[in-house]
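One chain follows as structure tokens, the form predicted on its own.
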């Protein structure tokens, strides 16, 4: 029998999602993404001409700036920025607008756990709303491993204090925007795997693959929600 979590969810149950399209007028695209009480506002500016020193001018560059709820940015936030940059670069078509920079600014509004996955989902939605060319969408989910080996999804902040280890996983998700069914099938066939995987704590191989299996199964729910949100033409809550 599955254990009931402190907030009443079962181990595989995700918190309610919501997404507000383009809440910021001055950004080229923006999204307010919430998973329970974890809320992140993502704003996209660009593409703007030119790239930073050290970037390949034959490709577009992605810049990520993380703004915490309070205080100055620290080591954890810097790691979030690097993870987000790598993830976004892997899903964006960087050859479409070479020698340009697209800036993605994230503001943490609320943090009740699974913050990085929430931020990645917010970024993905904001990039679409900004019209940035993407290879495919991406969906992120947090998976926690308890001391008894039980895997729980979309962890709250209180639950994260009790975890033996956790994994933040990002899965590819087709936009289904190719011009033919054959192209769609080819794209979907190529999307078996992970875009990003971040683990912390003591995690066995069995625990890790259990997280991937459970996370992949749950990611379809996030995918369905995101697709429904992105298909809406008028701004508003999803």
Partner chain sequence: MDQRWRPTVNERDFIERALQSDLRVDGRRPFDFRRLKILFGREDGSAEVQLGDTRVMGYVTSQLVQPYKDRPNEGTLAIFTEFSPMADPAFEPGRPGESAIELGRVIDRGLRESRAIDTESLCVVAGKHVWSVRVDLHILDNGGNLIDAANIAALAALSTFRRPECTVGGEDGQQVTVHDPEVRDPLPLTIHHLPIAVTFAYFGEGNIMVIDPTYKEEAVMGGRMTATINSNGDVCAIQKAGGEGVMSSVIMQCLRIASVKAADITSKIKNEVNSYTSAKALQKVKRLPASVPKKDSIHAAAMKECTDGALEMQSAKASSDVQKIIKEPPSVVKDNKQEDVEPMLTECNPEVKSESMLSAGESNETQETISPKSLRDAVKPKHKRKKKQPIKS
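Positions refer to the first chain, counted from 1. The shown structure was predicted, so the numbers you read here are calculated from the model rather than taken from an experiment.
One more form of this protein exists, namely the form predicted together with its partner chain; it is left out here, but the text below deals with it.
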{"item": "Which of 120-128, 87-95, 134-142, 69-77 lines the interface with its partner chain in the predicted bound form (heavy atom within 4.5 Å)", "value": "69-77"}
{"item": "Contact of residue 23 with its partner chain in the predicted bound form (heavy atom, 4.5 Å)", "value": "yes"}
{"item": "Contact label in the predicted bound form: residue 116 to its partner chain, heavy atom within 4.5 Å", "value": "no"}
{"item": "4.5 Å heavy atom contact, residue 107 and its partner chain in the predicted bound form", "value": "yes"}
{"item": "Residue 37, heavy atom within 4.5 angstroms of its partner chain in the predicted bound form", "value": "yes"}
{"item": "Contact test, all of 149, 167 and 171, partner its partner chain in the predicted bound form, heavy atom 4.5 Å", "value": "no"}
{"item": "Contact residue in the predicted bound form, chosen from 41, 211, 195, 60 - any heavy atom within 4.5 Å of its partner chain", "value": "41"}
{"item": "Members of 44-60 lying within 4.5 angstroms of its partner chain, judged by heavy atom, in the predicted bound form", "value": "45, 48, 49"}
